[in-house]
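Okay, here we've got a single chain as structure tokens, the form predicted alone, with questions on binding and movement later.
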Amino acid sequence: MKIKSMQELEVHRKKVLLRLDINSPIDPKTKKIVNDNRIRKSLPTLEYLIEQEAAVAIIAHQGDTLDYQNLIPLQEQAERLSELLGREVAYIDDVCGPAAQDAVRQLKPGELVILGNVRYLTEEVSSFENSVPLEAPEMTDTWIVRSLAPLFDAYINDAFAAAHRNAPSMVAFQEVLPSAAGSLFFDEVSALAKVMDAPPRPAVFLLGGAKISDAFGMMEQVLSNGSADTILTVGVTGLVFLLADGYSLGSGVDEFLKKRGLDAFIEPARKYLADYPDRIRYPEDLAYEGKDGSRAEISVDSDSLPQGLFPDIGSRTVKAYKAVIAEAGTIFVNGPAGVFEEPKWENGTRDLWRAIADAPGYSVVGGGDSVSATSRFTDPKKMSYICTAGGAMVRFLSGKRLPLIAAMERASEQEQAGTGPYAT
């Protein structure tokens, strides 16, 4: 990728518009942040800009129309950053209106402010992106770009976790401002590229969770190009592969999948098993709720499988998977093994995550639930890299071109050609 880094951009005592992804998991009751991984990952870029005495206005999002319960102000993010940086990060609950513009004009060198949640704007939400597909040059007419771009000398994007979003705050400022990427952007791309292009062997992918579209989104790519030597399936992904290979898991699982449209993945799973024999493994045993309400386990070969759900994998599967993980040169993780939030069903995720943390191989953990499980069951520092991205990570590993990467590469091309915001 030919993308300019922020160290190559003139930002000393300049006004910089910084796009971060500090979208954080929120407690549904208290509406407070429960994991600040993305906030902490933004610190190196912010510290560099502070050293450069840049006047920095941060734009970011929290929640969306697809997760409206998390669509809240960025006040707590500003408070967390103030604590972590040891200096005030102001907050104004206005995205790009008169109050936000006044706050930017008044910024002095070395000062920072977070502007309002960009998802308060229609043009920034996913439903708009899906209904009104726009190219980046067309987005220069959006309110956020028209209102903010004239106030800044440069634009830096360090929001790789939102790299799959074709939104004005992500891809349009590059059309009108000298632009570069922050340090986290390059860290994320480097870690994922290592998994894709030159993983130490054998390369093991542990794919699970309930959002199985993520697992299936990358599976064909990593199997066909040889990035993955072995795929260990858990969670709902594991159940789908069991069904694809002819196992009957009872009406409870069948109804669960059908109700959510996940039965559509059974046929692709069957094809992967046929095309890539011996490279995909599924659970040998499963956990379920016994008659007395306690945890019980049963082999998938049993003729008397219960008719309910299976919220975790069994101990035999954990033992078998741990042996594979211990020998792996690379371990990529996306999706927990079960409903780990409930103590009764945490065993699979807990034991596998600890095995990954102790394994000598290069480990990359991605996806919100996987990151939360890492913090809950292990020392995150024992993982080689914890990725902030979810959807962007999946699309990157699926070999799809990300809108942010395209926009940043276009900005570099414009600079080399002396066109766009670099025209003299």
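Residues carry their position along the shown sequence, with the first being 1. As the structure is a prediction and not an experimental result, all values here were calculated from the model.
Only in words, not in the display: the form predicted in complex with a small molecule, which the text now covers.
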For this session: Using heavy atoms only and a 4.5 Å cut-off, decide whether all three of I313, K344 and R350 touch the small molecule in the predicted bound form.
Result: no
For this session: Sort through 61 to 69, 46 to 54, 374 to 382, 26 to 34 and report the only stretch with a non-hydrogen atom within 4.5 Å of the small molecule in the predicted bound form.
Result: 61 to 69
For this session: Answer with one of L286, A161, A328, A215: the residue that has a non-hydrogen atom within 4.5 Å of the small molecule in the predicted bound form.
Result: A161
Exercise. So in the predicted bound form, does any heavy atom of G391 sit within 4.5 Å of the small molecule?
Worked result: yes
For this session: Report yes if any heavy atom of R38 sits within 4.5 Å of a heavy atom of the small molecule in the predicted bound form; otherwise report no.
Result: yes
Exercise. Relative to what is shown, are the Cα atoms of P168 and S127 closer or farther apart in the predicted bound form, where the gap shifts by 3 Å or more?
Worked result: closer
Seminar exercise, completed: Checked in the predicted bound form: CA of E129 to CA of L151 differs by 3 Å or more, atoms lying farther
